[in-house]
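As a starting point, one isolated chain is supplied in structure tokens, in the form predicted alone.
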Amino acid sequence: MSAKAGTDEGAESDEPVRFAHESEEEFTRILDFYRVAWQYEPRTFPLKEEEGRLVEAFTPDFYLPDLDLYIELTTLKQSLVTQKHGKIRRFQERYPDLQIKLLHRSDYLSLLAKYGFGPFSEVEVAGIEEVLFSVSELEQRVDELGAQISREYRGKEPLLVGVLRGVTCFMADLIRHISLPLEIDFMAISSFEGERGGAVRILKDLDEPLAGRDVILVEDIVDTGMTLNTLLQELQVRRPASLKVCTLLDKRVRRLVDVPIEYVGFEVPDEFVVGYGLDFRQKFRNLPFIATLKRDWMRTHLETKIGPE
């Protein structure tokens, strides 16, 4: 995603990064796949001085801004591992407020999974084409949406209505970023687009009455708009004081009905997206990011039940 080279906290360079070892380049490919920002050798830290002269310094291989974490990669050569452990120990003693980790090749995915970036199984990895929105991008955008709703509904107590099931992650995070008293409710629907013009069958109705309430309908994704349009008509009959829509993803390229959407997280291309609550045959919901699926992988798994690759 991003790269810096140099011996200080200096400026970004347009020059291609020259890695000292192939394992470093492999690590950046993994980081780029999960859209984790990185900087290569951004800073050199003094470790030891003698008579005013610098006699030992340490330049960590990477800095990951999203995690505020320095990374040093190591190989299987024990003498180098021992040497690096010593440098990291002296680094931690001199800079106790900075985070640093020494990683072996086998530790890459474990580190990312710990911080919520990595996938949870090889099956999920095999199906992913591209990560569209990373963990940090989702966190930032949901925070912005929550702040916007908090400003615009100041003095009110909105009722947020989530449309199950893909909305669960987004809904849970969104309400934690709204600094207002609020209530929540959920409904489950079955939609019939095409010849039925976006007909909606309610599988689970709301428990809360809408009359006189300021209602925000929260969706995971809006594409053609036909189902959403029908659902809005159904909710308007219940006489809310106001009714607005907040969606995490807007697939505007597929829009057939012009529906009002006041709050949009991200616009997405005409691709099948999963993660952060969205699924493919109940898979991928627990991925912490939003990703597209490989078309050939989807075709294969549309014909057969998903199982171990």
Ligand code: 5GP
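Here the structure is a predicted model, which means the values were calculated and not measured. Position 1 is the first residue in the sequence shown; the rest follow in order.
As for the form predicted in complex with the named molecule, it is not shown, yet the points below apply to it.
With the named molecule left out of view, choose which of Val222, Leu217, Met171, Leu138 has a non-hydrogen atom within 4.5 angstroms of it in the predicted complex.
-> Going through each option in turn, the one that passes is Val222.
Is the named molecule close enough to Lys251, Phe272 and Leu278 in the predicted complex that each of the three has a heavy atom within 4.5 Å of it?
-> Yes, all three are in contact.
Looking at 225-233, 178-186, 82-90, 148-156, which lies within 4.5 angstroms of the named molecule in the predicted complex, counting heavy atoms?
-> Result for this chain: 225-233.
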